[in-house]
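Form predicted on its own, single chain, as structure tokens, below.
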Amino acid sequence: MAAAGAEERQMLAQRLKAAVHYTVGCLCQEVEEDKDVQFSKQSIAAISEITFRQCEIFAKDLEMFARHAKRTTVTTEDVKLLARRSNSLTKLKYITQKSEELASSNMEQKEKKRKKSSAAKGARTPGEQEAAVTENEDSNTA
């Protein structure tokens, strides 16, 4: 059983490596067209391997950040911590900007849900709801 799980993980890793290699190849083609340069197959393979290894390191770091915070889910706060180690991401402040956009979007969605649930309840104030419950109980006992 353990051998089957390890074999499946290895197959998934190979599929991910192939996907990374394909994506790097596409990006290199775009750069070739824009900048009039050439990339050898060996350089594309090297970039792909480095990218894959760096992603593995990022994934392990993110997992450790979440575990340190006693969580099982990686959050944007973990990604921000990871980005602090990268000068290019820190200078661009891209991660912080995207995090703020997501937080704003989440707040809007929560507000919409809150409005829908209050509309479904008849938009009564807590005092009105209490009076309606009392009224309902009185009619049931009569």
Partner chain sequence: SQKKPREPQIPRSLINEIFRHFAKMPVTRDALQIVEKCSERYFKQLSNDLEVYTHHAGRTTVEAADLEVLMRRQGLVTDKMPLNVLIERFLPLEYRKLLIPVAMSGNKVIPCK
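Residue numbers count along the first chain shown, from 1. In this text the structure is predicted, and so the values were computed from the model without any measurement.
Absent from the display: the form predicted in complex with its partner chain. The rest refers to it.
Q: Answer with yes or no whether residue 77 is in contact with its partner chain in the model of the complex, where contact means some heavy atom within 4.5 Å.
A: Contact with its partner chain, yes.
Q | Proximity of residue 65 to its partner chain in the model of the complex, heavy atoms at 4.5 Å | A | Yes, residue 65 lies within 4.5 Å of its partner chain in the model of the complex.
Q. Taking the shortest heavy atom distance, is residue 95 within 4.5 Å of its partner chain in the model of the complex?
A. Contact check for residue 95: no, nothing within 4.5 Å of its partner chain in the model of the complex.
Q) Is there a non-hydrogen atom of residue 61 within 4.5 angstroms of a non-hydrogen atom of its partner chain in the model of the complex? A) Residue 61: yes, in contact with its partner chain in the model of the complex.
Q: Let me know the one among 114, 35, 85, 41 whose heavy atoms come within 4.5 Å of its partner chain in the model of the complex, would you?
A: That would be 85.
(Q) Looking at 101-109, 66-74, 42-50, 25-33, which stretch has residues with any non-hydrogen atom within 4.5 Å of its partner chain in the model of the complex? (A) Correct option: 66-74.
Q. Even though the chain is shown alone, can you say which residues of 31-59 have a heavy atom within 4.5 Å of its partner chain in the model of the complex?
A. Nothing in the stretch sits within 4.5 Å of the partner.
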